[in-house]
Structure formats: structure tokens, C-alpha cells
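Here you get one chain, nothing else, as C-alpha cells; it is the form predicted alone.
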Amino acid sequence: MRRYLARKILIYALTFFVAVSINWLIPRLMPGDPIRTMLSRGASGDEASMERMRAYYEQTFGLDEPAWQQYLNFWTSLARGDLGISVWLFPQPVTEILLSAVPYTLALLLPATLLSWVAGNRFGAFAARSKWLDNTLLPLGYVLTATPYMWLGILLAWGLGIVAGWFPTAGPYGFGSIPGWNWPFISDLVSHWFLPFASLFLVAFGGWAIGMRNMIIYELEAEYSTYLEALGAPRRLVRRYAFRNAVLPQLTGLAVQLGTIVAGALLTEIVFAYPGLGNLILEALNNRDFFLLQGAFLFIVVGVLIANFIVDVIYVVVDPRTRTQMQGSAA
């Protein structure tokens, strides 16, 4: 187990280094100049003053140094926990901006990911043994899983928000709400949260339901299921074993799909003007804010890697075959 975890930690450390390096490089390949964009918001007719301001901000952000030195400075600052200062919201630190947005993104991602996985697997297992549910769920699941997150979000905003008027369609809470631990504000917060959550939940739910339905049918036709039935084992016991074996590929799929789910959440936040990392990335792109972009990407990379590592550990715990292989290789 220790060798397995040490190997996984090494792989994730290398992945982190490569991913963060690419995330540092990508904003610098974008067309445009962040300092010019920043100065254009308060443009002055005095060319000499503009040049002095440009030189000052380039020195402040470290953009007057060669690229290799900027890269080394980035890792040095990252080791101290310093993500720099935002160009868009100067002089606010990037860390403060991200910490104000991350809770909104997590509030969408965690419930939508976990609930869709649990509910999708359960409904898929039921559909595999119910012809009526299978005929209903399978076409609906294919439609949901083929629907882009942002497109379903637009449909939900139009149908349930604009036409029906049941839910608000933009923002984290109403303009008249005062944040606090009171029921009026919490209910307003939940009503604004529901539509972006529903768009993420429904798309993921369809994919997990289809996957589990197909896996259950495969496991029920496997040799061990046939053998158990021939021995007179109760049908319920056979289905229980089939479900436990079918969950393992779904657990692997959860780790594989995390990146897609995160990308869908970011686009959904933009559709609903939800103040999470998605909106921050959009504003950072519009303002050529290198530091905010690489900080947002850093949070995403770290979150996805941690979630994948947790899934790997859970897989070892729930799959006895993996533990047996580890013990055999250790011996």
C-alpha cells in the first residue's frame, strides 16, 4: 500500500509540475498586452505620462524581465503562497479574488458531481431490471448526456426562469438581499443556485445512468452470475454482487470525467452570471490578466488532482482485486 501511494504521489507531483507550467505559458501566448489593456481604461493624452506609467506597471508585475526569469519568479512566489496582483482589479491580490469565487464554484461542483453519480448509478441499476424504466430512462439519458452544459442551462433559464418565473436566472442572490445567516437570504441564495446546479446535475445524471445500466446488464450475463443462479442463490444476492462489480468502472469514470465536469461548471457559471471561477476566467481573458488566469487554472488543477487521488485511494479500498495484486507484487 505504501509503495502504491508513493508511486501515485510521484505521478501526481509530476503532473502538477507539467500542468502548472503549461498554465503559466498559455496566458503569455495570448494576443494583446495586459499593461496596455490596463492603461486603456484610464487613457491619458500625455504620451510621456503613459510611458512612465507603463514602465512602472511592467516593473511592478515583473513583465520587464525575460521570460525565463518570469517563470522562475512564478515558482518562487508560488512556493511562498503568493499568486501575484491582479491586472484587472489592481491592486487586489489574486489570492483574495480567488478565495471569494471558489466557494461558489464548489457549491455547484460538489453537490452536482456527487449527487448525480449516486442517483445516476441507482437509477441505472433499477433500469437494468425494469423494462418500463429502461424504455423511459434510456432515451432520456442519451438526450441528457449529449446535451452541452451551457445549452441546457440556457433552456432551464428560459423555461423555468423567464417563462415560468419560478427561479431567478442570474447572480448569486438578489440585489436587495443582505448577506447573513438568516432564512430570507439563505432561501434567496438557494433559489439562485438551483438552476446552475440542475443543469450540471441533469447532464451528468444521464451519463452515469446509461453507464450503470449497461454495466449491470453485462454483469448479470457474466459467468459468475449464471453460476450463482444455478446454485440456487437468490436473485437479490446476484444483483447485489452485480451492482458491486458494476460500480468499480463507474468509480474510474468519475475520475476520468472530473475535468469535463469542471469545464461544464465554468461555462454554466458564465451562462447564469454566477460569481465563481468561470466568470473570473472570462474577465481575466477580457482584461489579459495573466496572474488571475494562472491563479484560477492553479486552483482547478489542484482540485482535479486531489479529487483524482481520493478516487484512486477509494478504488483500492473497495476493490479487493487491486489489494490482492498489490500484496502479490510486494511479496
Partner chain sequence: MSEMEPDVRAVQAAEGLPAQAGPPERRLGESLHFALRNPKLLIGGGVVGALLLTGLVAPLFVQEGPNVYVGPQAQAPSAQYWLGTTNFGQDVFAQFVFGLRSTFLVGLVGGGIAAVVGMVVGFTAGYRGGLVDEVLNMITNVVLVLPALVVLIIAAAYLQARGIALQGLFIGLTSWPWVARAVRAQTLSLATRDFVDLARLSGRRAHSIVFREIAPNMSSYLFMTFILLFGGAILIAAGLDFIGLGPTEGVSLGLMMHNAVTWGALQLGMWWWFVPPGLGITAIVGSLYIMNVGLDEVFNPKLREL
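Since the model is a prediction, treat every value here as computed from it, not as a measurement. The term rigid core refers to the most C-alpha atoms you can superpose between the two forms while keeping them within 1.5 Å. Residue numbers count along the first chain shown, from 1.
The next section is about a form of this same protein that is not shown, the form predicted in complex with its partner chain.
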In the model of the complex, the residue from E96, D82, E221, E229 that sits within 4.5 Å of its partner chain by heavy atoms | E221
Counting only non-hydrogen atoms and a 4.5 angstroms cut-off, does P234 reach its partner chain in the model of the complex?
-> no
Would Y12 sit within 4.5 Å of its partner chain in the model of the complex, counting heavy atoms only?
-> yes
Taking heavy atoms only, is V316 within 4.5 angstroms of its partner chain in the model of the complex?
-> no
Would L155 sit within 4.5 Å of its partner chain in the model of the complex, counting heavy atoms only?
-> yes
Just give me the residues of 259-273, first to last, that have a heavy atom within 4.5 Å of its partner chain in the model of the complex.
-> G259, I261, A263, L266, L267, I270, V271
Kindly check if the Cα atom of N308 is displaced 2 angstroms or more between this form and the one not shown relative to the superposed rigid core.
-> no
